[in-house]
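Only one chain is included here, represented as structure tokens and corresponding to the form predicted on its own.
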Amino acid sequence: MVDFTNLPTRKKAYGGANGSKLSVVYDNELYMLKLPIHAVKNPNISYTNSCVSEYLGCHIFNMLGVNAQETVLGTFEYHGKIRTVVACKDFTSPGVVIMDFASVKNQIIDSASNGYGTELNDILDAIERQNAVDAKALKEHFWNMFVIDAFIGNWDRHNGNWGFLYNQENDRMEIAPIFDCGSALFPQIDDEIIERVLASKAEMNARVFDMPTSAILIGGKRANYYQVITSNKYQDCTEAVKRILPRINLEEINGLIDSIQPLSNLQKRFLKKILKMRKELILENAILK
């Protein structure tokens, strides 16, 4: 746990709706420091575990062979209170900027919806028709991301938090590292809820089969990860499951969870169990079918 309180800061500002963000210099590199957000959905806790989710989610993406931003977990003192925060390495550079998928989707002149429209068929159409990067590689990246988001239970992967790096000097684009995983892994669940959930098979199953849903829409409704993946309706999704599933090493992931100091033993137990269940009941089930 790194103490980020007194690090040098920079004037660079970061957008996004989830919490306050500072630009700091850590280990001679520029990082975006994300502070925890208020737990509006759970009045029993003051702040969510979104910073832990960001750290853990990005590390899991990297473990599974999908490039994600580097994250460092730490603390930050503000008005005498110490918060758990996460530092996310800034992967932009002079002349190289982030461009979200929504911006590229907006270039499809006769698209059925605007850039932020997340209807699945419209997204897949935009992937085929965009000319920023190779369409086959982008489609594979999208489904890899969808499958891992299903594994870690990310309910907020919309068109504004994934995309590309644009080089302004040579007009070239490449797929950006995965970022913004703070909505994964049930960041607003507290120990009281966890105890109830762990004691109930129905409650655990609900957090595999019913929640969280994806920000991707199918027919105007948020997609159910379990239903989409186990239906094998989308061949490219099934191929992504075949790629990702053999890379999941639960022992390695459990070791990472155990190393996270701010988590209680109960929280660690819950995360290990829910990831095991989501692996077996969603991803392995898709292959069995």
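Counting begins at 1, following the sequence as shown. Computed from a prediction, not measured in an experiment: that's the story for all the values here.
The same protein also exists as the form predicted in complex with a small molecule; that form is not shown, yet it is the one meant from here on.
Can you tell me whether Cys88 touches the small molecule? I mean in the predicted bound form, with a 4.5 angstroms heavy atom cut-off.
Yes.
Report yes if any heavy atom of Asp149 sits within 4.5 Å of a heavy atom of the small molecule in the predicted bound form; otherwise report no.
The answer is no: Asp149 has no heavy atom within 4.5 Å of the small molecule.
Quick one: is Leu124 in contact with the small molecule in the predicted bound form, heavy atoms, 4.5 Å cut-off?
So Leu124 does not count as contacting the small molecule.
Applying a 4.5 Å heavy atom distance criterion, does Lys21 contact the small molecule in the predicted bound form?
Result yes; Lys21 sits at the interface with the small molecule in the predicted bound form.
Just one stretch in 202 to 210, 151 to 159, 124 to 132, 166 to 174 has heavy atoms within 4.5 Å of the small molecule in the predicted bound form, so which one is it?
Selected stretch: 151 to 159.
Within 4.5 Å of the small molecule in the predicted bound form: all of Glu119, Ala215 and Asn224, by heavy atom?
Result no, not one residue of the spot touches the small molecule.
Among Val52, Ile60, Val241, Met32, which has any heavy atom within 4.5 Å of the small molecule in the predicted bound form?
Selected residue: Met32.
Between Phe101, Phe179, Phe186, Trp143, only one gets a heavy atom within 4.5 angstroms of the small molecule in the predicted bound form; which residue is that?
Partner contact (heavy atom, 4.5 Å) among the options: Phe179.
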